[in-house]
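Here's a solo chain for you in structure tokens, the form predicted on its own.
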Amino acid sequence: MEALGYYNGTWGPLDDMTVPMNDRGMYFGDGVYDAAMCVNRVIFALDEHIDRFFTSAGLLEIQPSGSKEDLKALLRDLIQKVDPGPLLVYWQWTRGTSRRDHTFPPGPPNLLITLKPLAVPDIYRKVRLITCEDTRFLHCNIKTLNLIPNVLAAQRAKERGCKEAVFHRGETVTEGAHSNVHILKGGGFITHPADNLILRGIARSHLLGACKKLGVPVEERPFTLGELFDADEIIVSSTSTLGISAEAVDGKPAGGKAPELLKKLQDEVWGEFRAATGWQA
């Protein structure tokens, strides 16, 4: 099986699976999700992704239907049922199934899981970015299903031949439509603090760990669009990219001023990924 879908205990080919109309995700986007990369049937940074998933559920007051260990065991079982090869493993809880009503229904959440092929990233490639006003709500630290501003921003980036859209509130850069955004400047690593305006990215955490290991100074503080355009390097990190860099923003050349430091950080994160998954390019 190339791609698999799972819903509340039933699984099969992804495109054949269905979800009830009264699932709260259909009406309200009332749920949380997470996703991880799987190579050689090893889910990279699984513990971190599961911890974040349960944290998001708690912030939305969604009661877990099982333990963290139960969910990890289920995911590991499901990846044995699909063809070998790199996968994106995605899972979500919605608040349950009931007729449309804004208040919480009784009963357990619905668990949906998808597994589909995913290309292993080329961490050393350069990408192009655009900037967009950040119109999202003020709970960006929760990985919810409510992603319309992100979808629109990602579409604008695609239409302009770019990889990602960088959000900003006024002059302050927050993050990307589906990534965290960081800069290198003067030998240091600068990233927006992990407050309610950004998601605490797993790849972001691994980049911070790489900085600590390599002795690279870190500033977790807001930075501006001006600093973004003037950065020595711009790094975009996510589950599916790990930590790629930008060569242009809004059609203007960007980065390229600290290639050695950039490569050291990328080598550290890429080496960690390969050691954990046994990936051989």
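Start at 1 and count along the sequence shown; that's the residue number. Being a predicted model, the structure only gives us computed values, none of them experimental.
What comes next is about the form predicted in complex with a small molecule, which is not displayed.
For the three residues 127, 234 and 264, a heavy atom within 4.5 Å of the small molecule turns up in the predicted bound form in no case. This chain lacks the partner; the member of 210, 183, 177, 115 within 4.5 angstroms of the small molecule in the predicted bound form by a non-hydrogen atom is 177. With the partner omitted here, the residue from 173, 157, 190, 203 that has a non-hydrogen atom within 4.5 angstroms of the small molecule in the predicted bound form is 203. Residue 72 falls outside the set of residues with a heavy atom inside 4.5 Å of the small molecule in the predicted bound form.
The shortest heavy atom separation between residue 163 and the small molecule in the predicted bound form exceeds 4.5 Å. Using a 4.5 angstroms threshold between heavy atoms, residue 143 counts as touching the small molecule in the predicted bound form. None of the heavy atoms of residue 153 is located within 4.5 Å of the small molecule in the predicted bound form. Here the chain stands alone, but in the predicted bound form its contact with the small molecule, taken as any heavy atom within 4.5 Å, falls in 234 to 242 among 57 to 65, 219 to 227, 22 to 30, 234 to 242.
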